[in-house]
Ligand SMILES: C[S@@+](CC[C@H](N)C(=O)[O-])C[C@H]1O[C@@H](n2cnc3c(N)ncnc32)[C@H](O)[C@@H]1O
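There is one chain below, alone, in structure tokens, taken in the form predicted alone.
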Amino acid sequence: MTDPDQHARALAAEAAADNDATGWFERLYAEAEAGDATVPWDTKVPHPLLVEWADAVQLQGGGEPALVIGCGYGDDAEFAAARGFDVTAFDVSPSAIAGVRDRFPGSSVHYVAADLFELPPAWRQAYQLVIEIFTVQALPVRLREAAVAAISETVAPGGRLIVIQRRRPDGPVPDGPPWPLTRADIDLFTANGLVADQIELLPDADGNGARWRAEFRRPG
């Protein structure tokens, strides 16, 4: 059986050869929906570092709007909805959106297909909570600043952004995906009117590598 991570990288390499940074996501999710592939990051639970953070800050939405970036099959979005947020969650892959609607029929989350680099104007500074987990690291480094800017622009005045990414030490850019983030990459989130409340570097559970968990807010 093909290793899911290797298959995802092969699809990404083919897309990159065609100068298409995001088309491989739809190919992967379409294959997964057909039963021909596995989405390697589909853990079927919200990310543990998101849950830990939410518990630590006693996160409660009270009906406030939240946005989940690159939602995939929706576990993080459903978690935010369970915490009381009015959640919009998007993915570039229509097949992912079809799959998540099947997985969570009757969900209160507004699942939509959308491109990070062409978000609806109405989403600009519209969300009190924005959740970004692993989307930036799945995009080529040449798109990093644009991706960070697009994500940051969705945070409302007084709102906050939680970012979780793999950490890359300073040095050569690895073959990807993923393309983990350096501390300088994390700091890019402060170039669009956001300020950092907390930036943590946390070891992976297996002791191999580390993850960034960072919280930003837009003054207002």
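In this text, all values refer to a predicted model and were calculated from it rather than measured experimentally. The first residue of the sequence shown is number 1, and the count goes up from there.
Unshown form predicted together with this ligand; subsequent notes refer to it.
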Quick one: does residue 189 come within 4.5 Å of this ligand in the predicted bound form, counting heavy atoms only?
-> no
Using heavy atoms and a 4.5 Å limit, would one call residue 69 a contact residue for this ligand in the predicted bound form?
-> yes
Counting only non-hydrogen atoms and a 4.5 angstroms cut-off, does residue 102 reach this ligand in the predicted bound form?
-> no
In the predicted bound form, residue 133 touching this ligand (heavy atom, 4.5 Å) | yes
Heavy atoms within 4.5 Å of this ligand in the predicted bound form: which stretch among 54-62, 166-174, 23-31, 189-197?
-> 23-31
Among the candidate residues 129, 150, 126, 138, which is the single one with a non-hydrogen atom no more than 4.5 Å from this ligand in the predicted bound form?
-> 138
Residues of stretch 68-98 in contact with this ligand in the predicted bound form (4.5 Å, non-hydrogen atom) | 69, 70, 71, 72, 76, 90, 91, 92, 93
